[in-house]
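Below sits a lone chain in structure tokens, taken as the form predicted alone.
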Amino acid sequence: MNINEVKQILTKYDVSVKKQFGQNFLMDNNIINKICDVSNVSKEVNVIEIGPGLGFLTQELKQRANKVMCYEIDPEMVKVVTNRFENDENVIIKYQDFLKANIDNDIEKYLSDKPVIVVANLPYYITTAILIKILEESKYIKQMTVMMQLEVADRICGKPSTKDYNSLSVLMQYYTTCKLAIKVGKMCFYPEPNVDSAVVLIKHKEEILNAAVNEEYFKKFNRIVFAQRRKTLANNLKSGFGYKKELIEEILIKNNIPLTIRTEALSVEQIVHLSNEFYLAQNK
């Protein structure tokens, strides 16, 4: 696949690229094959693809997978992929905003015969929202292989005491294991995005050791302690929760954590443990 072939398809179906949907079509067949290889796509799995666009990745997925269910928000792209795959019984096209979908209802209706994985070139402007929706709403999806902006991939896989480590790093690494699998240059897309990209392999943990006592509180705690990176952990706790200085100091000292520490210096396990300590302290 090359730029001329992409343009021919756009002309054939009389469709245009829409910036508001973050459309950058992956046209490198080598990368497409690598994505499917990393995902271990086979006839033993069903695949959800979010934003199939012109269907280049879909074409490879439908050859390898048992079934492919695509969510597409752009009616013009729905027309393209519906036309391209109208004779393929294993391709299901849903004209729907994925963020408004009831994922598990759709899986039970269309994909209940095999395990389900996500393989997608995500719209970059809603990458985080899509990942969080899947994590919080689906009990069936245990693996995602997703293309995203390299900067976001670095955050998801970020380690403590680095500029990439933030609340998203902690949230993703609490629930999953994340691996940056492939780096992808701008020239692999049409039109070229302004940023480099990466494919991240994300797998749900089968068991979470040292789990949060209250997950909703943990998520809130995680957001608040990273709210202002220039502030110390103690100051973020004070301004975000209104906890008294004495309580904050008591818990930090008890856990051998310096009062001047910034949140990005803490591991995921430490942040989860502290969220449990503060949750139990306020619910005595």
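Because the structure is a prediction, the values reported are computed rather than measured. From 1 onward, residues are counted along the sequence shown.
A second form of this protein, the form predicted in complex with a small molecule, is not displayed here; the remarks below concern that form.
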Query raised in the report: Counting only heavy atoms and a 4.5 Å cut-off, does the small molecule in the model of the complex sit next to every one of G158, F221 and F226?
Result: no
Query - Heavy atom of I248 within 4.5 Å of the small molecule in the model of the complex - result: no
Report task. Please check if N102 has a heavy atom lying within 4.5 Å of any heavy atom of the small molecule in the model of the complex. Result -> no
Report task. Considering only heavy atoms, tell me if Q23 and the small molecule come within 4.5 Å of each other in the model of the complex. Result -> yes
Report task. Spell out, yes or no, whether the shortest heavy atom distance between D74 and the small molecule in the model of the complex is within 4.5 Å. Result -> yes
**Report entry** Listed residue that, although the small molecule is not shown, lies within 4.5 Å of it in the model of the complex (heavy atoms), from T177, S112, Q96, N83
**Finding:** Q96
Query raised in the report: Of A181, L135, V152, I126, which residue is found within 4.5 angstroms of the small molecule in the model of the complex when only non-hydrogen atoms are counted?
Result: I126
Requested in this report: Mind telling me which stretch in 251-259, 230-238, 211-219, 47-55 gets its heavy atoms within 4.5 Å of the small molecule in the model of the complex?
Outcome: 47-55
